[in-house]
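Below sits a lone chain in structure tokens, taken as the form predicted on its own.
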């Protein structure tokens, strides 16, 4: 959540910062701002709302000319362009012009952008107020810049003031810092929040993720926790919090030229839903090229001896990744018979870990930077458990924790805040991991595993067939767009899909929605049903079919509008459901790959019909980097 961009070099500074901020929009934000060296001074411009609002302010202040984003020279001839930019997602203080980043110190000699949370900000703020400092904002970030200002006056050294300040701050943060007296340097700090430096020729960049800097350069250096960088256009110096010089390795990334390409779709979300067959296909090609061969996780350093002695599996995740984990629970227990538990990472932080050296912990995070998940995983690892990470980002904090136990979901960049293709990618990896473990620990039923692998190999084709029905789904679901509440129900492996569908509708349309195990409806939730509350039942042939059908009858008797996600050829559902969203025939164990797709479209089309910001829903961030 939030995004940082920085640049130092000879290019025109404002267009570079704006381009970087556009690449960071997908992370979610409610205000934007930039700080640049302009001659002898620091100049801060910021605005609440979308990036276009900031561009209008820049035009009014004659810092930006025309739609092409070009601006005049900054400061004196030959002056190095140096600046930082930020997209803010509010945590302390409401979204407003004054609370937007960057923040000045009282003397306007230091400007700071910040991602993360300063946990002891109130104590530091009170201390600075006693020393005569006045605060203009409600943010924890202003505490950072005022503290640096105070320590700079005490030490008369930029680096010492940063070292001293970050050692006094508690929390998670990534910082970009400009000093008035250093017009050709940017300072950066990382503690439990992502920060990447892009290395160019006679220029360098700073950003919250590699995808943003890859728009400009191919070489990067990732800051690790508790590291500080001093960046000029020709050199970068790295330090730890003691001020000791560090050596860092340069990495190469694929240069992304089409990060903002919607490929003809109206929204990134529509594009990403339609990419799901390709995503699953790419994973299968890499790890399951044939149903006759074992899963090929050769890079996954888990010994057969360990796999055969696993006493339990714990899956830690948040949001949509948590729902993928719930699907994974059913698959692991079905294929491996290993007891599997799924916990919200945020709740696990307050629990007493019941783990041993024989336990396998799986952490799932789309971005690899989810703060709750990272903290929970570290807690689990401290108890001696073996950790496997599943993420979409190979250069992430989760990937660093996993090391040789890492599975990349390979979904490609997901721009829309609401996760879709990364959800299917996470599920695919979990299915294959379950098969991988099952093939290692028990060879007594190879036919069952072979059949599951055959079905997985067919999934891309079946997803493609489902995607061809999106116009039909649109016509079917728009009649429900004005209902104020929805209820989604499912059983067994499709209960997590009911939860995911409810989450998507809330995220995208702002309509209240709840997901339930269908058997729980009669234990309380059925009280909310009436003619204005549609019930969406996920009902596919298998062990749970008859029970879901009976639970749906109970909902219909309360006069609720009834919607089904059901397979082709199922005539029985026509007797009680008003609307049927059909999918190709599929076995129950594999069905989540298809049942989720019409429900993704349901949320998308209703949100679009209601005029919502589909790709950047209010109050949400793509990468949740604060606990």
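Not measured: the values here are computed from a predicted model. Positions refer to the first chain, counted from 1.
There is also a form predicted together with a small molecule; it is not shown, and the following applies to it.
Query raised in the report: Using a 4.5 Å heavy atom cut-off, which stretch among 203 to 211, 181 to 189, 286 to 294, 417 to 425 contacts the small molecule in the model of the complex?
Result: Flagged stretch: 417 to 425.
Query raised in the report: 148, 321, 174, 429: which sits within 4.5 Å of the small molecule in the model of the complex by any heavy atom?
Result: Exactly one residue meets the criterion: 321.
Query raised in the report: Given that the small molecule is left out here, which of 503, 438, 517, 117 has a heavy atom within 4.5 Å of it in the model of the complex?
Result: Residue within 4.5 Å of the partner: 503.
Query raised in the report: Does any heavy atom of residue 275 come within 4.5 Å of a heavy atom of the small molecule in the model of the complex?
Result: Residue-level check for residue 275: no, no contact with the small molecule.
Query raised in the report: For residue 507, is any heavy atom within 4.5 Å of the small molecule in the model of the complex, or not?
Result: So residue 507 counts as contacting the small molecule.
Query raised in the report: Heavy atom to heavy atom, is residue 87 within 4.5 Å of the small molecule in the model of the complex?
Result: No, residue 87 sits far enough from the small molecule in the model of the complex that none of its heavy atoms falls within 4.5 Å.
**Report entry** Contact flag, residue 367 vs the small molecule in the model of the complex, heavy atom cut 4.5 Å
**Finding:** Heavy-atom contact with the small molecule at 4.5 Å: present for residue 367.
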